[in-house]
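As structure tokens, the next two blocks hold two forms of the same chain, structure 1 and structure 2.
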Structure 1
Amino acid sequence: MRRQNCKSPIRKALKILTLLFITTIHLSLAQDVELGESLFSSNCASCHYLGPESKKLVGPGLNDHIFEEYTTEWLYSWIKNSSELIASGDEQAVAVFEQYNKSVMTAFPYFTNDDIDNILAYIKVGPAEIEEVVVESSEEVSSSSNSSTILIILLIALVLFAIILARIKNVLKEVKGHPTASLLESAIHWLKASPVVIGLVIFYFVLTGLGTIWDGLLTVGVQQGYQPEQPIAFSHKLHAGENGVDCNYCHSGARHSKSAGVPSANVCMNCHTYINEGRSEQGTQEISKIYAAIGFDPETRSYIEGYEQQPIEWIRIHNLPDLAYFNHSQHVNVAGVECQECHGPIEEMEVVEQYSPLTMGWCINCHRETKVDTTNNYYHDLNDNWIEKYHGEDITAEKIGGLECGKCHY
């Protein structure tokens, strides 16, 4: 007994230590995968799917199979400069090269082994887990908004119900004294005796009526759910979801400028120079609309000379009125808000729809609730004064001026 007693704190400590060890490993792994994801989507995704080798894009699909076929050292050399490896006569390198019609893979000489480890970690995990996390966080946001209005309505209904019950009790008592009265008579009797009830009922209807009108006024110009048909049936579900292409690949403006921007046909051609068939005949037809816009002949894989290019006329979905100022980089880059918090699960949409109301109230609610990252914020001068001023309190977007009219209105 004694022995055990004196051993157990040591055991506990050991247990805690191993747990800590495992969690740090886990944490550092998780971070690698995220870094790897972003490196992969901006450097490799244009030519490689995540998946079995047979899932070809420009190069073979990448997943676990590469770890079975190649050593890590080989992968380092291949990714840094595949041509060099091929030229050196490496058997495996020459074999893949021949197999892929001698297409040359881009060299990445500036990648460190750490960078490549991160990419490989991501290839191992695949896109599924990361996407799940993103989807979860976007659902949280959407569910919290309506609850307070519902609560107030419930409360009013409850009070009304209680009053009416009390009246009915009184009336029943009176009617008992006149057993011959018909139902209609007793109802009239009850109403005569209770102007308060009538008043309350009228008050209730006026209130709900006004409420509806008010809600209607508030939603004038609100386009939540707007989902126009686009000139080309472009699917975010297919591109950003199934194929895991990063949002920033096509909306590169979101990180460093006011507008996210919609990609030009040239961006589509990074992939569709090679991919000229869709999932169905209709898909193939839709892809040919890109070629028609910029004058590309998929048979000869060349641009038609002297062709007059037409921009693809995408229909704009999200659009604030001119009086309001919104900046993507401030939210995406500085505040670290995920695209999905404002735009919903875009990677699941075949056709994009406006997910959030984009009203002033929506902006302001989020500014009240969202904490600003004070440790890592190069945009604001969140110096010691700020931290001291709000000592112990969370600094929200509201506190740094996120509710000032001038910040959002020109």
Structure 2
Amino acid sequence: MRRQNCKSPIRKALKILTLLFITTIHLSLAQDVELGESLFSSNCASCHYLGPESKKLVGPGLNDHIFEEYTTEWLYSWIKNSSELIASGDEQAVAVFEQYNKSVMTAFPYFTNDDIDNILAYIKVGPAEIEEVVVESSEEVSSSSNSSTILIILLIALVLFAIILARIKNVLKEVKGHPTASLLESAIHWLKASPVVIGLVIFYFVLTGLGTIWDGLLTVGVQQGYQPEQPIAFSHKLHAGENGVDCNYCHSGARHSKSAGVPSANVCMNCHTYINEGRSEQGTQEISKIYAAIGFDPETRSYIEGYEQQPIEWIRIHNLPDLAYFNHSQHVNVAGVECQECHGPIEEMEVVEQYSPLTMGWCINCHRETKVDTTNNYYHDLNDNWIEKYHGEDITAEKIGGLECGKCHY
């Protein structure tokens, strides 16, 4: 009995230590996978597809099969400096180099072995399935619609009251033996005898009509929510969101000119010379539309000689009136405005829509609220003057002339 009693706490202690050990390993593995996902998304996702299917992007698709084909030590060397491994004459490195049209993989010499282990752990686990939570939001009821609802209820109540009064009068007449009129005739007679009711009815319809006209005038030129169907179903969610392609890579004009610009098909071909397949059959069909427009043969990876190229007729979504001046480079470079501040969560949009109203009032509110970064070197000669003038107050775009008419209107 003593032996059993003595062994019992020891066994319990061993079990606890074992559980703690397993839990620690599990937590460290989870942390490695999380770090690996971050490293993969920021460095690898733009060129490598990750998933159960070995789809090719710029480079080979990545999944469990790479652990069967390559050793960990080989992967360390390849990821850190593939050019050096190819130059050494390594058979596997040369084979991959030849297979992918002699495209040199970006070197990551700053990656440690632990960083690569984290990425490999993430590849082994695979991309996590993210459940989309759909939040149902109730529609906002404006004060004007509330007023209309109240007026409609009052109007219905008045009509019902008139019918009830007419019915009561008819009953009283029947009791006295007097001739009676129909309910409709009685109600019309009551309304004629009540000019206040008629005035309220007329007032309601006039007010409703004027309100409708006013609301219509306020929406002239406002395209918020505009979501046209484009000639090619380009997914910003896939490119800017999942693959992490920087907005300025395609819309390079945002940093250098007034307009952000629509990328030419040549920009698309920087990637799609090698990415011939989409994640679905529809994606592959959309990529083929680029090839049809520019005259590219994906089989030979070459352009067709003498081919008459066709422009892709993209439909512009964000369009300011001609009387308004807006400079992308000034807002992006000087003010440091992120694309999402005007265009909304573009990296989450499968089909792009105009997120913001882009009205004059919306722009003015932004200039009233946006603080100026006085450390910005673009205005280094003015920063001292502003700081001295406002004595530590928040300096907004409004205070430095952001509401002057001539700044936005010619």
Ligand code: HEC
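Please note that residue numbering is based on structure 1, beginning with 1 at the start of its sequence. The structure displayed is predicted, hence computed values, not measured ones. Under this definition, the rigid core comprises the largest set of C-alpha atoms superposing within 1.5 Å between the forms.
J.: Which of these two, 1 or 2, is the form predicted in complex with this ligand?
T.: It is structure 1; that copy is the form predicted in complex with this ligand.
J.: When the two forms are laid on each other by their rigid core, does Asn276 show a Cα shift of 2 Å or more between the two structures?
T.: No.
J.: Using a rigid core alignment, state whether the CA of Thr112 is displaced by 2 Å or more between the two structures.
T.: Result for Thr112: yes, a 2 Å-plus shift.
J.: Superposing on the rigid core, does the Cα of Gln340 end up 2 Å or more away between the two structures?
T.: No, the C-alpha moves less than 2 Å.
J.: In Å, how far apart are the CA positions of Asn81 between the two structures with the rigid core superposed?
T.: On core superposition, this C-alpha lies 8.0 Å from its counterpart.
J.: Leu207: how far does its C-alpha move between the two structures, core aligned, in angstrom?
T.: A shift of 7.5 Å.
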